[in-house]
Structures are given as structure tokens and as C-alpha cells.
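Quick setup: one chain, the form predicted alone, written in C-alpha cells, and binding and motion questions come after.
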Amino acid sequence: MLKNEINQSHYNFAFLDENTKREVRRKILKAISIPGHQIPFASREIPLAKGFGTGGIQITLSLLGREDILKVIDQGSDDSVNAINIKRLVKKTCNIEITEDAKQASIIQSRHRIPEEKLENHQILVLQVPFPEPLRRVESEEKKTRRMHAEMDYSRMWLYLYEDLIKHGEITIGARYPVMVNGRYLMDTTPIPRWDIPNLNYSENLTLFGAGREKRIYAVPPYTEVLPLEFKDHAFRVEDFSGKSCEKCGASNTFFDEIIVDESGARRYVCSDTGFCKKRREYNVA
């Protein structure tokens, strides 16, 4: 305990200075007021390697209080290099409680996944964002994408999806699937799988998105409509894991990671959400 206190004395609580935290929180409030709209903010340097999601981390550090409980996951895992180093930074500068149980956490910092367990209205989910602009697939110029959002001109995205459908027989976008938020803004969902997108629609929790390199924050407030783009005759669908179950806990209704176990090509599946899988195993044992 003494070591943690000594380490923490070298930093401001949650690392960021108070002016930076206030600026980030103001932008979060604006993002909540305009669901799905990208709000620019003054992104700061964070002592983590590139690719660790500094935008999401700045949001988390700006919101953390001394009584908060934090969960950090990377592609569903509580023990990845990304997750461990973020937890190390938070522990060193905040010394708050860290958990692997999604139900216990007040703030969940995530990369590429939404927890399998349904979140509640007192919880905040923070997603790291590599590419906040959903129109980047069809337009490279920032000035033009902003105009397209202002005019609600998403025809080129619809055309992109239609061409994909004609070419492949289905829409092949596996991650960063575009959605309409509150019937107004097209939004990038980050590289979460399709499996997680229905969890954004009318969710009870607040979801915040932070892009550090692009300096953008956007949000999905609780009980907000979030609908994936789809055609009437080709409805949006999630990944199909029919007939598969988790090798560790036996779950059959979660998003799985596929593991090739030998040279013959035999495959096994485990829950992507390691905290959920661990909790389920403990429950089954009990």
C-alpha cells in the first residue's frame, strides 16, 4: 500500500491535469446532447504505446473518481497487453479498485468488444476508437465528410453497401459496421463485431467513444435508437455460431474466438469475453 501511495504522489489523480479533465467532460456533455455527432477536443499525450486507444483512455481518466470501480478489456480479454498496461497506469495514478466482473464496474474501458452481460443505467462504457469517421470508406476529405453529415447526405454509403451486396451476395463488413443514431447521424461503431451492435440499441448504459489521434469524442446516451444500415430484402445479421459452444464454460449464445488446436485443422471455440466466461465457470462449479 505504501508503494502505491508513493507512486501516486508523483502524479495528479488519474494522471491528467484538472483543466484537461474539465475540457474533456465538457465535450462529453456536448456529445451526449447530440447523439452520434463527432465533437472535436484537445487530445493530450498519454504515456502508453501508439495503438493503445488514447482517446478512450482520456475519457476514462477524466471521469474516474476515488469511489469508481474500473474494468478494462481488450477484444474481450482482461489479460491482454493492452488491458494490463492500462490497468497499470490507472492503478499507479488513481489506486482505485479494478475488477473483471462487468456487473461490479462503474466504468468499463474497452477495445473492440462490448461485454456479454447487459449493462445497467449506472454504468459507463468507454470504447477506444481508431477511425471515428464512418464516411471514410467513401470519402477521403474531412471537409466533404463534415458537409455530408450536416446535410444528412449518406447516399454514397448506401451505394457502397449496395455494391458490396451485388458483388458478394451479402454485406461483407465484419467490423465498424455503420449505424444510424437517433435517426439523424451516421456513426462508426469502432471495430466491434456485428454481434455487439444490437447491444447499443436502446441500451440502459451511457456509451462514450474516444479517438485520440483524430481528436474526436461521440456518444450514445441511454435509451437511444441505434440501427444498423440494412436493406429491406437483406436484413442485417450477426455472426452465426449455431451448433458451437465454449470449450471452457459450455456457453452457446456468446461471441466466440476460434482456436485451431492442431495441424489437422480441428477448431475449438472459447468465449471472447474472458470475464463472462470465468464468471460462468465459477457459477457452474457452485
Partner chain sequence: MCALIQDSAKKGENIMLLEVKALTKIYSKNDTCKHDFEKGNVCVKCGSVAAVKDVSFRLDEGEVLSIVGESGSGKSTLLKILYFDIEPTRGETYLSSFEGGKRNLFSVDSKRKRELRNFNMGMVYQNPEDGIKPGISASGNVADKLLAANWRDFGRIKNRSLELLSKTEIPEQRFYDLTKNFSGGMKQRVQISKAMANNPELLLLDEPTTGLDVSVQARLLDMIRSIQQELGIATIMVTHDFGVAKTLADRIMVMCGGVVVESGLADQILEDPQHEYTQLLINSILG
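Note that this is a predicted model, so its numbers are computed, not measured. Positions refer to the first chain, counted from 1.
What comes next is about the form predicted in complex with its partner chain, which does not appear here.
Going by heavy atoms within 4.5 Å, which of 159 to 167, 117 to 125, 100 to 108, 199 to 207 lines up against its partner chain in the predicted bound form?
-> Heavy atoms within 4.5 Å of its partner chain in the predicted bound form occur in 159 to 167.
Contact flag, M152 vs its partner chain in the predicted bound form, heavy atom cut 4.5 Å | M152: contacts its partner chain in the predicted bound form.
Contact flag, K244 vs its partner chain in the predicted bound form, heavy atom cut 4.5 Å | Looking in the predicted bound form, residue contacts with its partner chain do not include K244, since no heavy atom lies within 4.5 Å.
R26 within 4.5 Å of its partner chain in the predicted bound form, heavy atoms | The answer is no: R26 has no heavy atom within 4.5 Å of its partner chain.
Hey, in the predicted bound form, does K30 get a heavy atom within 4.5 angstroms of its partner chain?
-> K30 lies outside the contact set for its partner chain.
In sequence order, which positions of 216 to 235 have a non-hydrogen atom within 4.5 Å of its partner chain in the predicted bound form?
-> If the 4.5 Å heavy-atom criterion is applied to its partner chain in the predicted bound form, 216 to 235 yields F231, K232, D233, H234.
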